[in-house]
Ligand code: HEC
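For reference, the chain that follows is the form predicted alone, supplied as structure tokens.
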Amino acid sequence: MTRRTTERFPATVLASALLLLAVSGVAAAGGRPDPLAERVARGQYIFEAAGCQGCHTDDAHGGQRLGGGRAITSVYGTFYTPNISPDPIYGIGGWSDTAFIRALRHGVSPDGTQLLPVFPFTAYTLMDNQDLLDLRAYLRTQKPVARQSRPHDLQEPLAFRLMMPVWRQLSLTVGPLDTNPLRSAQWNRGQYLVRALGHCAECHSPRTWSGALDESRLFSGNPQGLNGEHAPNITPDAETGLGRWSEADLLLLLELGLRPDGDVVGGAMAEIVRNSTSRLTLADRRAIVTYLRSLTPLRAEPAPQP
């Protein structure tokens, strides 16, 4: 799969790349650009496509960027996102590249602790190694935050840890994501953005009794959603999904958060548009639309009555 985005950066990423090149200078031999600066610029694009800032910054309480502490409520209790700044003590500054890839690909921390799937490693496992390394390079350039990650407040924390080996056997398919040779490059790029980087299924799919994604109903909506917020059906079902939306409608939503009826998206999706989809290139937004429109239409489950 072709996943490199260097030639298609939006203006904000190009500006960051130029700034990084100015700071790092050019290589002595032949005036060639610094490859590290290029990797960092690519990593910023991946960071934004993956929505890392939203989850790992507690904006509601004035938290520092990437310092963690954002609460995610669920039927199992409250999860708090960790510090992913490059602080060597409280963040991930002391992690090696191998440890970083292991966490995102296999859901295992450097000390061997099995991460809980509130962190969407089941989606990030589908990323390719170069994207993971570029993301790592970008995170190293961010401001360290000396703030200890807050422990989760779960109903039965020990039970969660004990069940994880079995849960992983049933629910984790280790990546990276394969290219479908029968589909176009645009479709494959869209699949990668939706399933891996954007991890859209995590919010927009119902879950089984174990908390795993219901693979038979991916993208058909989730009445519970994130923090109890209803996540709509994004399959092309004409009645309960996006079947009546045009390509232009979907592109406008991803760029500006505008719906066909003139309303704007709110809640978690507004944040995703602001921090992620609006910062993608037009080519990548079109790839997302191409992939979503190719999904099997599924009827959404009815939302629970208050």
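The first residue of the shown sequence is 1; numbering continues from there. Predicted, not measured: the structure shown is a model, and the values here were computed from it.
Form predicted together with ligand HEC: not shown, discussed below.
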property: Check all three, Cys55, Phe100 and Glu229, heavy atom within 4.5 Å of ligand HEC in the predicted bound form; result: yes
property: Heavy atom within 4.5 Å of ligand HEC in the predicted bound form - the one residue of Ala185, Ile72, Ala146, Leu162 that qualifies; result: Ile72
property: Of Leu213, Leu172, Ala137, Val118, the one that lies within 4.5 Å of ligand HEC in the predicted bound form (heavy atoms); result: Val118
property: is_contact(Cys200, ligand HEC) in the predicted bound form, heavy atom dist at most 4.5 Å; result: yes
property: Arg189, heavy atom within 4.5 angstroms of ligand HEC in the predicted bound form; result: no
property: Partner proximity in the predicted bound form: Thr277 to ligand HEC, non-hydrogen atom cutoff 4.5 Å; result: yes
property: Leu104, heavy atom within 4.5 angstroms of ligand HEC in the predicted bound form; result: yes
property: Neighbours of ligand HEC in the predicted bound form among 268-294 [non-hydrogen atom within 4.5 angstroms]; result: Ala268, Met269, Ile272, Thr277, Ile288, Leu292
